[in-house]
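Quick setup: one chain, the form predicted on its own, written in C-alpha coordinates, and binding and motion questions come after.
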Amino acid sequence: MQIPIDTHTLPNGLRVTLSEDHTAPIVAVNLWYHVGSANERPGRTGFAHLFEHMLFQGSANVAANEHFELVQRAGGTLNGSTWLDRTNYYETVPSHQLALALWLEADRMGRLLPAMTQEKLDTQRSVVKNERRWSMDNQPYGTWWERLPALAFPPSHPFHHSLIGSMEDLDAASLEDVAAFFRTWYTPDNAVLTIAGDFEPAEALRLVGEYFGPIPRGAGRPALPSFAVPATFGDPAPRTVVEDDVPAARVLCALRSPVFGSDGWYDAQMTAAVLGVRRGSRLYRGLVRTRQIAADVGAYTFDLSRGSDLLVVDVMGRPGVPAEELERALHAQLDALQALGVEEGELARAQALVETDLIRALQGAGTRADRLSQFATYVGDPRRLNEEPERFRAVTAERVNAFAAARLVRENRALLVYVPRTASVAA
(Lines give C-alpha, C1' and ligand atoms only; values in the text may rest on other atoms or scores of the structure.)
Protein backbone atom coordinates (compact mmCIF):
# COMPACT_ATOMS: atom_id res chain seq x y z
CA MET A 1 0.00 0.00 0.00
CA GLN A 2 1.47 3.30 -1.07
CA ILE A 3 -0.79 6.33 -0.74
CA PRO A 4 0.66 9.51 -2.27
CA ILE A 5 1.45 11.84 0.62
CA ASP A 6 2.95 15.32 0.45
CA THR A 7 3.41 17.57 3.49
CA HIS A 8 3.85 21.30 3.97
CA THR A 9 3.86 23.75 6.89
CA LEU A 10 2.68 27.33 6.57
CA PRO A 11 4.60 30.13 8.34
CA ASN A 12 1.78 30.36 10.90
CA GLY A 13 2.36 26.73 11.89
CA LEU A 14 -0.54 25.07 10.07
CA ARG A 15 0.54 21.61 8.95
CA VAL A 16 -0.87 20.59 5.56
CA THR A 17 -1.09 17.06 4.15
CA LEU A 18 -2.00 16.38 0.52
CA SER A 19 -2.99 13.00 -0.92
CA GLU A 20 -3.82 13.22 -4.62
CA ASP A 21 -6.11 10.57 -6.13
CA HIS A 22 -8.10 11.07 -9.33
CA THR A 23 -10.11 7.84 -9.08
CA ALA A 24 -13.37 9.69 -8.38
CA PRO A 25 -14.32 13.36 -8.89
CA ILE A 26 -14.54 14.15 -5.18
CA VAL A 27 -12.22 15.72 -2.64
CA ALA A 28 -12.17 15.47 1.15
CA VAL A 29 -11.09 18.30 3.45
CA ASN A 30 -10.27 17.26 7.00
CA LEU A 31 -9.17 19.57 9.80
CA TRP A 32 -7.95 18.20 13.15
CA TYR A 33 -7.43 20.47 16.15
CA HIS A 34 -5.29 18.93 18.88
CA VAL A 35 -7.82 19.74 21.57
CA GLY A 36 -10.40 17.58 23.31
CA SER A 37 -11.95 17.13 26.69
CA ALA A 38 -8.44 16.59 28.11
CA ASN A 39 -7.76 20.30 27.55
CA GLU A 40 -10.64 21.50 29.71
CA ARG A 41 -10.10 22.94 33.17
CA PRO A 42 -12.05 21.87 36.27
CA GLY A 43 -15.45 23.50 36.44
CA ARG A 44 -15.54 24.08 32.70
CA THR A 45 -15.96 20.61 31.29
CA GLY A 46 -17.77 20.06 27.99
CA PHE A 47 -16.13 22.99 26.18
CA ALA A 48 -14.49 20.85 23.49
CA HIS A 49 -17.80 19.23 22.56
CA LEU A 50 -19.66 22.53 22.88
CA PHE A 51 -17.23 23.99 20.35
CA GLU A 52 -18.01 21.26 17.87
CA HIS A 53 -21.52 22.76 17.85
CA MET A 54 -20.45 26.41 18.01
CA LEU A 55 -18.26 26.14 14.93
CA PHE A 56 -21.34 25.51 12.80
CA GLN A 57 -23.07 28.66 14.10
CA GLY A 58 -21.42 31.07 11.73
CA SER A 59 -18.33 33.25 11.47
CA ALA A 60 -17.58 36.73 10.19
CA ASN A 61 -18.68 35.95 6.64
CA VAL A 62 -20.96 32.94 7.20
CA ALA A 63 -24.38 33.05 8.82
CA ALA A 64 -25.53 30.57 11.46
CA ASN A 65 -26.02 27.10 9.91
CA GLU A 66 -24.96 28.48 6.49
CA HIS A 67 -21.87 26.24 6.56
CA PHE A 68 -24.19 23.23 6.31
CA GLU A 69 -26.35 24.87 3.68
CA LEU A 70 -23.48 25.89 1.40
CA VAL A 71 -21.78 22.48 1.46
CA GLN A 72 -24.99 20.52 0.98
CA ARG A 73 -26.14 22.81 -1.81
CA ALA A 74 -22.81 22.15 -3.52
CA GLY A 75 -23.49 18.41 -3.40
CA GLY A 76 -21.24 17.66 -0.43
CA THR A 77 -21.44 16.18 3.06
CA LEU A 78 -19.91 17.45 6.30
CA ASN A 79 -19.77 16.97 10.05
CA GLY A 80 -17.51 17.15 13.08
CA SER A 81 -16.64 15.00 16.08
CA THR A 82 -15.00 15.40 19.47
CA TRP A 83 -12.82 12.98 21.39
CA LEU A 84 -10.70 13.01 24.53
CA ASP A 85 -7.68 14.54 22.80
CA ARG A 86 -8.80 15.91 19.44
CA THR A 87 -11.66 17.60 17.59
CA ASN A 88 -12.11 17.27 13.84
CA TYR A 89 -14.21 18.88 11.15
CA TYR A 90 -14.61 17.51 7.66
CA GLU A 91 -16.27 17.98 4.29
CA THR A 92 -16.41 15.79 1.18
CA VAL A 93 -17.38 17.75 -1.91
CA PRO A 94 -17.27 17.51 -5.71
CA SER A 95 -13.76 18.30 -6.90
CA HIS A 96 -14.64 21.73 -8.29
CA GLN A 97 -15.93 22.81 -4.85
CA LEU A 98 -12.59 22.46 -3.04
CA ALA A 99 -12.23 26.22 -2.72
CA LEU A 100 -15.59 26.47 -0.96
CA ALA A 101 -14.70 23.86 1.66
CA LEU A 102 -11.30 25.43 2.35
CA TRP A 103 -12.72 28.95 2.59
CA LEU A 104 -15.41 27.86 5.02
CA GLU A 105 -12.89 26.14 7.32
CA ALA A 106 -10.52 29.10 7.17
CA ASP A 107 -13.26 31.63 7.88
CA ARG A 108 -14.28 29.92 11.09
CA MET A 109 -10.69 29.30 12.19
CA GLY A 110 -9.73 32.93 11.70
CA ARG A 111 -12.99 34.81 12.16
CA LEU A 112 -15.32 32.91 14.47
CA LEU A 113 -15.24 35.27 17.45
CA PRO A 114 -16.80 38.34 15.75
CA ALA A 115 -19.92 36.24 15.08
CA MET A 116 -20.15 34.63 18.51
CA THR A 117 -23.09 35.90 20.54
CA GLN A 118 -24.72 35.12 23.86
CA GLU A 119 -27.82 33.96 22.03
CA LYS A 120 -25.83 31.43 20.00
CA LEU A 121 -24.07 30.19 23.12
CA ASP A 122 -27.34 29.77 24.98
CA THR A 123 -28.91 27.93 22.05
CA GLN A 124 -26.02 25.50 21.57
CA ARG A 125 -25.66 24.97 25.30
CA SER A 126 -29.30 23.80 25.31
CA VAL A 127 -28.63 21.59 22.30
CA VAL A 128 -25.68 19.92 24.02
CA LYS A 129 -27.66 19.43 27.23
CA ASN A 130 -30.47 17.80 25.26
CA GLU A 131 -27.91 15.64 23.46
CA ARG A 132 -26.61 14.49 26.82
CA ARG A 133 -30.13 13.59 27.95
CA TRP A 134 -30.88 11.75 24.72
CA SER A 135 -27.59 9.96 24.08
CA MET A 136 -26.47 9.26 27.65
CA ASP A 137 -28.84 9.82 30.51
CA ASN A 138 -31.94 8.33 28.84
CA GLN A 139 -30.22 5.78 26.60
CA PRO A 140 -29.72 2.17 27.70
CA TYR A 141 -26.02 1.75 28.56
CA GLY A 142 -25.56 5.36 27.34
CA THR A 143 -23.37 6.40 30.25
CA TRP A 144 -20.67 3.84 29.50
CA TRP A 145 -18.43 6.20 27.53
CA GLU A 146 -18.51 8.61 30.47
CA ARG A 147 -18.16 6.02 33.22
CA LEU A 148 -15.39 3.92 31.65
CA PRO A 149 -12.72 6.67 31.34
CA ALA A 150 -13.65 7.83 34.85
CA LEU A 151 -13.06 4.28 36.06
CA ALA A 152 -9.79 3.85 34.14
CA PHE A 153 -8.11 7.17 34.97
CA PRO A 154 -7.74 8.89 38.38
CA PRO A 155 -9.72 12.10 39.12
CA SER A 156 -6.70 14.34 38.50
CA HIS A 157 -6.04 12.84 35.05
CA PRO A 158 -7.03 14.81 31.92
CA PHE A 159 -8.93 11.79 30.53
CA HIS A 160 -11.00 11.22 33.69
CA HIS A 161 -13.89 13.64 33.31
CA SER A 162 -16.89 13.52 31.01
CA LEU A 163 -16.41 14.23 27.32
CA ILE A 164 -19.83 15.83 26.96
CA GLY A 165 -19.53 17.74 30.24
CA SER A 166 -21.78 18.13 33.23
CA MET A 167 -25.01 20.10 33.27
CA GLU A 168 -23.58 22.38 35.95
CA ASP A 169 -20.43 23.17 33.98
CA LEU A 170 -22.39 23.83 30.80
CA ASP A 171 -24.67 26.19 32.71
CA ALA A 172 -21.67 28.04 34.14
CA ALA A 173 -19.96 28.66 30.79
CA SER A 174 -19.78 32.36 29.94
CA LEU A 175 -19.24 33.97 26.56
CA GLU A 176 -15.75 35.04 27.63
CA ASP A 177 -14.94 31.49 28.79
CA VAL A 178 -15.85 30.22 25.35
CA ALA A 179 -13.89 32.95 23.57
CA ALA A 180 -10.80 32.26 25.69
CA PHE A 181 -11.00 28.54 24.90
CA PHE A 182 -11.19 29.32 21.19
CA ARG A 183 -8.28 31.77 21.24
CA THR A 184 -6.13 29.25 23.08
CA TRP A 185 -6.74 26.05 21.15
CA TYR A 186 -8.29 26.89 17.75
CA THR A 187 -5.15 28.27 16.17
CA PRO A 188 -3.32 27.21 13.00
CA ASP A 189 -0.25 26.04 14.94
CA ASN A 190 -2.50 23.59 16.85
CA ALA A 191 -4.15 22.18 13.73
CA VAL A 192 -3.59 19.77 10.85
CA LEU A 193 -5.32 20.25 7.49
CA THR A 194 -5.57 17.28 5.13
CA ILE A 195 -6.85 17.28 1.55
CA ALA A 196 -7.41 13.91 -0.12
CA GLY A 197 -8.92 12.98 -3.47
CA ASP A 198 -9.28 14.60 -6.87
CA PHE A 199 -7.40 17.91 -6.86
CA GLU A 200 -4.34 19.58 -8.30
CA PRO A 201 -1.67 20.00 -5.58
CA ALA A 202 -0.36 23.35 -6.77
CA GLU A 203 -3.82 24.88 -6.87
CA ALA A 204 -4.75 23.35 -3.51
CA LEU A 205 -1.65 24.81 -1.89
CA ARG A 206 -2.38 28.20 -3.43
CA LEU A 207 -5.88 28.15 -1.95
CA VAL A 208 -4.61 27.02 1.44
CA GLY A 209 -2.04 29.80 1.49
CA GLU A 210 -4.61 32.40 0.43
CA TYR A 211 -7.29 31.40 2.93
CA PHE A 212 -5.31 30.12 5.93
CA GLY A 213 -2.01 31.99 5.55
CA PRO A 214 -3.19 35.33 7.03
CA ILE A 215 -4.49 33.70 10.23
CA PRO A 216 -1.97 34.44 13.01
CA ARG A 217 -0.36 31.85 15.24
CA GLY A 218 -1.68 31.39 18.73
CA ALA A 219 -0.24 33.19 21.73
CA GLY A 220 0.75 29.94 23.43
CA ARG A 221 -1.04 27.06 25.11
CA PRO A 222 -0.98 26.22 28.82
CA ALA A 223 0.71 23.08 30.06
CA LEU A 224 -1.63 20.22 30.87
CA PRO A 225 -1.49 17.99 33.95
CA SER A 226 0.59 14.84 33.61
CA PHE A 227 -0.92 12.04 31.54
CA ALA A 228 1.33 9.41 33.13
CA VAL A 229 -0.31 6.46 34.88
CA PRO A 230 1.03 3.05 35.97
CA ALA A 231 0.95 0.30 33.34
CA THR A 232 -1.74 -1.56 35.34
CA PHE A 233 -4.44 -0.54 37.81
CA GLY A 234 -3.15 -2.56 40.73
CA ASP A 235 -4.80 -5.15 42.93
CA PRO A 236 -7.72 -5.00 43.16
CA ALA A 237 -8.57 -3.43 39.80
CA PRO A 238 -11.52 -1.03 39.95
CA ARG A 239 -15.00 -2.42 39.42
CA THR A 240 -18.31 -0.53 39.22
CA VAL A 241 -21.79 -1.99 39.03
CA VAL A 242 -24.54 0.16 37.50
CA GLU A 243 -28.18 -0.76 37.97
CA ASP A 244 -30.07 0.73 35.04
CA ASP A 245 -33.14 0.34 32.88
CA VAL A 246 -31.44 -2.10 30.52
CA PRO A 247 -32.77 -5.34 29.00
CA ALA A 248 -29.72 -7.47 29.78
CA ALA A 249 -26.41 -7.43 31.63
CA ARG A 250 -23.37 -5.96 29.91
CA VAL A 251 -19.73 -6.14 30.99
CA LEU A 252 -17.07 -3.73 29.73
CA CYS A 253 -13.48 -4.44 30.66
CA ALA A 254 -10.87 -1.67 30.20
CA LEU A 255 -7.20 -2.61 30.19
CA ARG A 256 -4.45 -0.01 30.17
CA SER A 257 -2.33 -0.47 27.06
CA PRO A 258 0.45 1.31 25.10
CA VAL A 259 -0.37 4.60 23.39
CA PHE A 260 -1.41 5.00 19.77
CA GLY A 261 1.38 4.53 17.23
CA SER A 262 3.81 2.76 19.57
CA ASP A 263 5.00 -0.80 18.91
CA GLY A 264 2.91 -1.98 21.84
CA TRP A 265 -0.21 -0.42 20.33
CA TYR A 266 0.06 -2.77 17.35
CA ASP A 267 0.37 -5.71 19.75
CA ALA A 268 -2.81 -4.50 21.47
CA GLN A 269 -4.57 -4.27 18.10
CA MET A 270 -3.73 -7.86 17.28
CA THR A 271 -4.81 -8.98 20.74
CA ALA A 272 -8.13 -7.18 20.31
CA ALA A 273 -8.68 -8.82 16.92
CA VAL A 274 -7.94 -12.27 18.36
CA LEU A 275 -10.32 -11.68 21.25
CA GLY A 276 -13.29 -9.90 19.76
CA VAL A 277 -13.24 -8.99 16.07
CA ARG A 278 -15.80 -10.79 13.92
CA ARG A 279 -17.29 -14.23 14.29
CA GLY A 280 -14.04 -16.12 14.26
CA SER A 281 -12.77 -14.41 17.41
CA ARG A 282 -12.33 -16.22 20.71
CA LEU A 283 -15.06 -14.33 22.51
CA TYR A 284 -17.60 -14.83 19.74
CA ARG A 285 -16.89 -18.53 19.39
CA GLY A 286 -16.82 -19.11 23.13
CA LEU A 287 -19.57 -16.85 24.49
CA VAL A 288 -21.95 -16.30 21.57
CA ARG A 289 -21.79 -19.46 19.49
CA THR A 290 -20.85 -22.20 21.96
CA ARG A 291 -22.17 -21.14 25.37
CA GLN A 292 -24.84 -18.78 24.02
CA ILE A 293 -24.65 -16.48 27.03
CA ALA A 294 -23.74 -13.36 25.03
CA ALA A 295 -25.66 -11.64 22.26
CA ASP A 296 -22.63 -9.76 20.98
CA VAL A 297 -18.96 -9.17 21.77
CA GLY A 298 -16.29 -6.72 20.70
CA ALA A 299 -12.75 -5.56 21.41
CA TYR A 300 -11.14 -2.28 20.38
CA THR A 301 -8.79 0.47 21.52
CA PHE A 302 -9.57 4.10 22.32
CA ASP A 303 -6.50 5.18 20.27
CA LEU A 304 -5.24 7.63 22.88
CA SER A 305 -1.83 9.15 22.19
CA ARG A 306 -0.68 10.32 25.62
CA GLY A 307 -0.03 8.51 28.89
CA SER A 308 -1.96 5.31 28.29
CA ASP A 309 -4.42 3.94 25.78
CA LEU A 310 -7.30 1.65 26.71
CA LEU A 311 -8.03 -1.76 25.23
CA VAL A 312 -11.74 -2.36 25.79
CA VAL A 313 -13.43 -5.76 25.76
CA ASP A 314 -17.22 -5.48 25.54
CA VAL A 315 -19.61 -8.37 26.26
CA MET A 316 -23.37 -7.87 25.81
CA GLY A 317 -25.29 -10.59 27.59
CA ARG A 318 -28.44 -12.35 26.52
CA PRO A 319 -31.57 -11.44 28.51
CA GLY A 320 -31.74 -13.44 31.71
CA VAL A 321 -28.03 -14.30 31.85
CA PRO A 322 -26.58 -13.10 35.18
CA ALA A 323 -23.81 -10.51 35.06
CA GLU A 324 -21.68 -12.76 37.30
CA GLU A 325 -21.73 -15.46 34.62
CA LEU A 326 -20.63 -12.98 31.94
CA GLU A 327 -17.81 -11.76 34.18
CA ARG A 328 -16.57 -15.29 34.89
CA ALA A 329 -16.65 -16.16 31.20
CA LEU A 330 -14.78 -12.98 30.26
CA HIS A 331 -12.14 -13.56 32.91
CA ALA A 332 -11.73 -17.15 31.71
CA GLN A 333 -11.10 -16.03 28.14
CA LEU A 334 -8.53 -13.43 29.21
CA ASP A 335 -6.91 -15.92 31.61
CA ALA A 336 -6.58 -18.48 28.80
CA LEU A 337 -4.93 -16.05 26.39
CA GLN A 338 -2.62 -14.83 29.13
CA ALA A 339 -1.61 -18.32 30.24
CA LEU A 340 -1.55 -20.25 26.96
CA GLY A 341 -0.82 -17.55 24.40
CA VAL A 342 -2.10 -17.03 20.88
CA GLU A 343 -2.17 -19.66 18.17
CA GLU A 344 -0.40 -18.92 14.90
CA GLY A 345 -3.60 -19.42 12.91
CA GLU A 346 -5.47 -16.97 15.11
CA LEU A 347 -2.79 -14.34 14.67
CA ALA A 348 -2.72 -14.80 10.89
CA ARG A 349 -6.51 -14.39 10.80
CA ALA A 350 -6.30 -11.26 12.92
CA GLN A 351 -3.61 -9.73 10.73
CA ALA A 352 -5.56 -10.47 7.56
CA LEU A 353 -8.74 -8.94 8.99
CA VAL A 354 -7.05 -5.78 10.21
CA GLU A 355 -5.09 -5.23 7.01
CA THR A 356 -8.11 -5.89 4.79
CA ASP A 357 -10.31 -3.53 6.79
CA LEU A 358 -7.62 -0.83 6.69
CA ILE A 359 -7.06 -1.02 2.94
CA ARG A 360 -10.80 -1.09 2.24
CA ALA A 361 -11.40 1.94 4.47
CA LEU A 362 -8.63 3.95 2.82
CA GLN A 363 -10.29 3.66 -0.58
CA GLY A 364 -12.65 6.42 0.53
CA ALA A 365 -11.29 9.96 0.36
CA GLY A 366 -12.95 10.96 3.63
CA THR A 367 -11.52 8.11 5.67
CA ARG A 368 -8.11 8.52 4.09
CA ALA A 369 -8.05 12.21 4.95
CA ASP A 370 -9.09 11.49 8.52
CA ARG A 371 -6.42 8.84 9.06
CA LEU A 372 -3.74 11.09 7.59
CA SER A 373 -4.80 13.85 9.99
CA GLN A 374 -4.68 11.34 12.84
CA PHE A 375 -1.09 10.34 12.16
CA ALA A 376 0.01 13.93 11.56
CA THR A 377 -1.54 14.98 14.88
CA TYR A 378 -0.61 12.04 17.09
CA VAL A 379 2.79 10.92 15.80
CA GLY A 380 3.86 13.97 13.81
CA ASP A 381 4.14 12.22 10.44
CA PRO A 382 1.19 11.35 8.14
CA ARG A 383 3.54 9.20 6.04
CA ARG A 384 3.39 6.62 8.80
CA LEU A 385 0.00 5.60 7.40
CA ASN A 386 1.76 3.86 4.51
CA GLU A 387 3.63 1.69 7.01
CA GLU A 388 0.52 0.37 8.75
CA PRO A 389 0.16 -2.97 6.91
CA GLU A 390 3.85 -3.73 7.44
CA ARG A 391 3.64 -2.84 11.14
CA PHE A 392 0.63 -5.09 11.65
CA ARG A 393 2.33 -7.95 9.80
CA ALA A 394 5.45 -7.49 11.96
CA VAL A 395 3.53 -8.44 15.10
CA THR A 396 4.56 -11.96 16.06
CA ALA A 397 2.96 -14.53 18.34
CA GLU A 398 5.79 -13.85 20.78
CA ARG A 399 4.90 -10.15 20.88
CA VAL A 400 1.21 -10.84 21.43
CA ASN A 401 2.03 -13.34 24.17
CA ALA A 402 4.33 -10.83 25.87
CA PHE A 403 1.58 -8.20 25.70
CA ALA A 404 -0.94 -10.67 27.14
CA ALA A 405 1.39 -11.67 29.95
CA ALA A 406 1.95 -8.04 30.94
CA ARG A 407 -1.42 -6.41 30.24
CA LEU A 408 -4.15 -9.07 30.50
CA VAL A 409 -3.41 -9.71 34.16
CA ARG A 410 -6.29 -9.53 36.66
CA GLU A 411 -4.91 -6.36 38.21
CA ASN A 412 -5.29 -4.61 34.84
CA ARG A 413 -8.97 -5.38 34.29
CA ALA A 414 -11.19 -2.45 35.24
CA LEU A 415 -14.80 -3.63 35.03
CA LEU A 416 -17.93 -1.61 34.31
CA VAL A 417 -20.93 -3.89 34.82
CA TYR A 418 -24.47 -2.97 33.82
CA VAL A 419 -27.33 -4.97 35.32
CA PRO A 420 -31.08 -4.65 34.85
CA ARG A 421 -32.57 -2.62 37.67
CA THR A 422 -34.56 -5.59 38.95
CA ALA A 423 -31.46 -7.78 39.17
CA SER A 424 -29.09 -7.90 42.14
CA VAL A 425 -25.36 -8.23 41.83
CA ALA A 426 -22.81 -8.07 44.62
CA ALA A 427 -20.95 -4.81 44.07
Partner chain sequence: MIPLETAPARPGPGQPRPWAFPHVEMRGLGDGLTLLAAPVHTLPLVSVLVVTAAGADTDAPGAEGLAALAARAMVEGTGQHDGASFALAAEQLGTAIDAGADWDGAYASFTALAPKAEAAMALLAEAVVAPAFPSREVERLKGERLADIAQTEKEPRGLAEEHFAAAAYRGGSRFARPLGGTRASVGTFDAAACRAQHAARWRRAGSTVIVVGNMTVDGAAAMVERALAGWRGAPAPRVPVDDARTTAGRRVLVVDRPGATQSELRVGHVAVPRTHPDYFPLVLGNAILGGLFNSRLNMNLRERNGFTYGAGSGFDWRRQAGPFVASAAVETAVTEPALREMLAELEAIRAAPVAPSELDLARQYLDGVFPLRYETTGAIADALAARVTFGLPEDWFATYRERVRAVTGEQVQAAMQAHLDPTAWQVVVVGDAATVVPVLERMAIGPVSVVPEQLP
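This is a predicted model, so every value here is computed, not measured. Numbering follows the first chain given and starts at 1.
Beyond what is shown, the protein has a form predicted together with its partner chain; the following relates to that form.
- Screening 331-339, 220-228, 251-259, 119-127 for residues having heavy atoms within 4.5 Å of its partner chain in the predicted complex returns a single hit, 119-127.
- Although the partner is absent from the chain shown here, none of 170, 314 and 372 has a heavy atom within 4.5 Å of its partner chain in the predicted complex.
- Of the residues 238, 247, 201, 322, just one reaches its partner chain in the predicted complex with a heavy atom at 4.5 Å or closer; this is 247.
- Only one of the listed residues (87, 271, 194, 92) places a non-hydrogen atom within 4.5 angstroms of its partner chain in the predicted complex, and that residue is 92.
- Of the heavy atoms in residue 60, some are within 4.5 Å of its partner chain in the predicted complex.
- Looking at residue 345, you'd find a heavy atom of it within 4.5 angstroms of its partner chain in the predicted complex.
- In the predicted complex, its partner chain lies within 4.5 Å of some heavy atom of residue 69.
- In the predicted complex, none of the heavy atoms of residue 145 sits within 4.5 Å of a heavy atom of its partner chain.
- Interface residues of 131-165, taken as those with a heavy atom within 4.5 Å of its partner chain in the predicted complex (partner not displayed): 131, 133, 134, 137, 138, 139, 140, 141, in sequence order.
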